[in-house]
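Next comes just one chain, in structure tokens: the form predicted on its own.
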Amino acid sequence: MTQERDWNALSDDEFRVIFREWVDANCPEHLRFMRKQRPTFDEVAEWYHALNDKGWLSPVWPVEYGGMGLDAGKHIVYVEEWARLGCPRIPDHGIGLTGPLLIEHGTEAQKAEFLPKILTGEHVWCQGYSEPGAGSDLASLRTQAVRDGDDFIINGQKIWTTLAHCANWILLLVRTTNSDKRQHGITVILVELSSPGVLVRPIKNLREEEDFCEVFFENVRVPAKNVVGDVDAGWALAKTVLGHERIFLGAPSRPEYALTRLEILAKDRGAFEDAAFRSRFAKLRLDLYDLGSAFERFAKVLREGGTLGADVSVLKIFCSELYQRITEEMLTVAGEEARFYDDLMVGDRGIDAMNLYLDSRAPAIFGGSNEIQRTILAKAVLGLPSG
């Protein structure tokens, strides 16, 4: 692994050129613009290891832990170029969640044990937050962890756990104390998925892919040394790792890619000869410009060292709903061919119309549903009362 320089000393444009040139030369062509939105570790391992060998796998980790140490502005450039070049998403719960959590709140022993193994890919992580009845309302979680000597014994269930069947560790939120204040009594603990009593059951989605899983815990014994931070203080701790990365839930890359595919399909199918379609397409294009401007406004706050407020929630709503409208228009243009899962061929290009349509349903739910985001805006930005 190499660490070449202080990237933050460069201008954003200089960093963009360097990052783009190396990624364009080194990201395998067969992994670019994958239909599969959440490939497994094995499917993208060569790219994962190439990034780690370069020292570019973990953009925001401090340099002393093997990261690039990028500030918020450079991280935005990193994400923008990644999307523009069609790089595949790597299993990133270790890089984006467990690692930052341990760097900020873990013991020195935890950092030494877990951080290097995230970088090498020896440990592949998943996130155990949501439960039946505790999705967007995580404070309602009921998975219990009871202290027993030097261990905790865990019983309960998690659901919608992304790629748990391909992971070997899970970052788990558990309830260690029952309290009238639901946010109190939640603890973060690290659990090896090969532990006796853990059962992982994949869930097929509408694309017949197994991105999500149920994970069951029956008397699973976990060392107390695997608790991150203080017992019962996990609620605040888990929220701290979000930081400036909340902005990426509203990044324009997905709707931008979808609109490009819509334009290719529409030209081939003669849709631009229809004035009504031209009008709808123009509105989508203008909305995408507006989303880009809004994203840049929040990015400017971060580049200047500011902190994002609750109003950043508007980005996720705008982005996810625009993505849905673009993919719905794509199915309209495709007509009866839209029913096919296979790509629609335009010359030698495949247009993944149905795949994009199905993918566009998820962003309105994950990362806090759009209903939750609207409630945040109503309370924190508009000052409207609850109820």
Partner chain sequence: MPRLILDDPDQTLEMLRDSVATLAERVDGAEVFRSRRARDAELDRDLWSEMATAGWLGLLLPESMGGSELGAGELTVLAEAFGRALITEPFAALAVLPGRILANIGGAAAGEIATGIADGSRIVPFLWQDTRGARAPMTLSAEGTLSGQVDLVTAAYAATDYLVLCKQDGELALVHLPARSERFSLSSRPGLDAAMIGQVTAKGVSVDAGSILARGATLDAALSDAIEMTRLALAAELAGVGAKALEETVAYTKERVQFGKPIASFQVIQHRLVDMWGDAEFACAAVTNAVEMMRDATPEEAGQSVLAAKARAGDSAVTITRRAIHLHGAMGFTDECNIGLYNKRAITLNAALGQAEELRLEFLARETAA
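Positions refer to the first chain, counted from 1. None of the values given here were measured: they were computed from a predicted structure.
What comes next is about the form predicted in complex with its partner chain, which does not appear here.
Heavy atoms of no residue among E21, I103 and P223 are located within 4.5 Å of its partner chain in the predicted complex.
Residues with any non-hydrogen atom within 4.5 angstroms of its partner chain in the predicted complex fall in just one of 42 to 50, 57 to 65, 23 to 31, 349 to 357: 349 to 357. Taking the partner from the other structure, its partner chain in the predicted complex has no heavy atom within 4.5 Å of any heavy atom of D230. Contact check for E371: a heavy atom falls within 4.5 Å of its partner chain in the predicted complex. Contact annotation: K300 falls outside 4.5 Å of its partner chain in the predicted complex, judged by heavy atom distances. Of the heavy atoms in A362, some are within 4.5 Å of its partner chain in the predicted complex. Of the residues D180, E108, E208, E304, just one reaches its partner chain in the predicted complex with a heavy atom at 4.5 Å or closer; this is E208.
Listed residues I203, V146, L199, A112 were compared with its partner chain in the predicted complex; I203 is the one with a heavy atom within 4.5 Å.
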